[in-house]
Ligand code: FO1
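Encoded as structure tokens, the following chain is the form predicted alone, with no partner shown.
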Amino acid sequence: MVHTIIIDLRRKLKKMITMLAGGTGSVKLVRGISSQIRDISVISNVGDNYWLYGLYICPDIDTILYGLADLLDTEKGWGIKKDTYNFLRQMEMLGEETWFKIGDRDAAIHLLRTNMLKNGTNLSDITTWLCQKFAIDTKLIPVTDNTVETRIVTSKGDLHLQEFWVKHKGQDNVEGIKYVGADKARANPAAVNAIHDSKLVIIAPGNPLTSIGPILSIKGIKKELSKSKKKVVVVSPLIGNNSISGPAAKYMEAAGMEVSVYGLAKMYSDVASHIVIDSSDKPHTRKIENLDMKVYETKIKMKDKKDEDALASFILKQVHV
């Protein structure tokens, strides 16, 4: 009986998919994969978490949460669809800055999370509780329960990522990127176990430096990925020399990286053995293969649910580990 249970457990573990995700680019593929595979875990970036109005806001966690609950405002790529902004209008009337657009329903999540944190509940348990409240089966795992802050270094000083990108609209020249607190952060054991136990690990097409970079900055995560690299696949957020959305190209250039799928592959070569690129980037294939990475070419831009499902299906069927 015990032997049978162990065999069944091993079979289940071999079917598990784990994804590393952050930002609006990631949620599209998370939705696509989750529509086809039930047993998935999503390790979320926490580097852009931000305190505002006394509330603890977790943009990347919430984007995945809303996306899987079919609540995401897909036009904006963040927040809850059809949300209202009475809270924000009241804050503006009281003289507060309102550059970070928090909707009323969104604010309720931040308030509950903040109260639970102040009462001693860790971010992982709060996130699990929220998934249960939204009837989400997917395991959504913050990469760490410790504080990690992604800060953008500019000629005018360094700014929190939210301040740089949202408040100042990314106008200043980027001189560098720091992950403050990452050196002392403890990897979430559930995240390490998910990577270890999964059949396939997918690095979603998030910004490599501000969405995925903070996850890789946690030593325990990078170590486990390196050990498991034969089953890790990266999905490119670039087509040609441009990011599909967001400032990925700008950040890569600032970090001294080649803004191309080859530059991306070089960054991930220590932790991944497979990469999915757009068909138009085929000229880079042979060069990437010299990094000992298997290259898969397909249409990677996800404009709608059909595209999301198609890319997810391609990865699940074509990437052999």
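In case it trips you up, residue 1 is the first one in the sequence shown, and so on. Just so you know, these numbers come straight off a predicted model, no measurement behind them.
Just so you know, the form predicted together with the named molecule exists too; it's not on screen, but the next bit is about it.
4.5 angstroms heavy atom contact with the named molecule in the model of the complex for residue 281: The answer is no: residue 281 has no heavy atom within 4.5 Å of the named molecule.
Close approach of residue 68 to the named molecule in the model of the complex, 4.5 Å, heavy atom: Result no; residue 68 lies far from the named molecule in the model of the complex.
The named molecule contact in the model of the complex: residue 101, any heavy atom under 4.5 Å: Flag for residue 101 set to yes.
Residue 106, heavy atom within 4.5 angstroms of the named molecule in the model of the complex: Within the cut-off, so yes.
78, 179, 87, 134 - the one with a heavy atom within 4.5 Å of the named molecule in the model of the complex: By the 4.5 Å heavy-atom cutoff, the listed residue in contact is 78.
Contact residue in the model of the complex, chosen from 153, 249, 166, 130 - any heavy atom within 4.5 Å of the named molecule: In short, 166.
Answer range among 254-262, 23-31, 283-291, 268-276 for contact with the named molecule, defined in the model of the complex as heavy atoms within 4.5 Å: That would be 23-31.
Stretch 36-61: residues contacting the named molecule in the model of the complex, 4.5 Å heavy atom cut-off: Heavy-atom contacts to the named molecule in the model of the complex: 48, 57, 59, 60.
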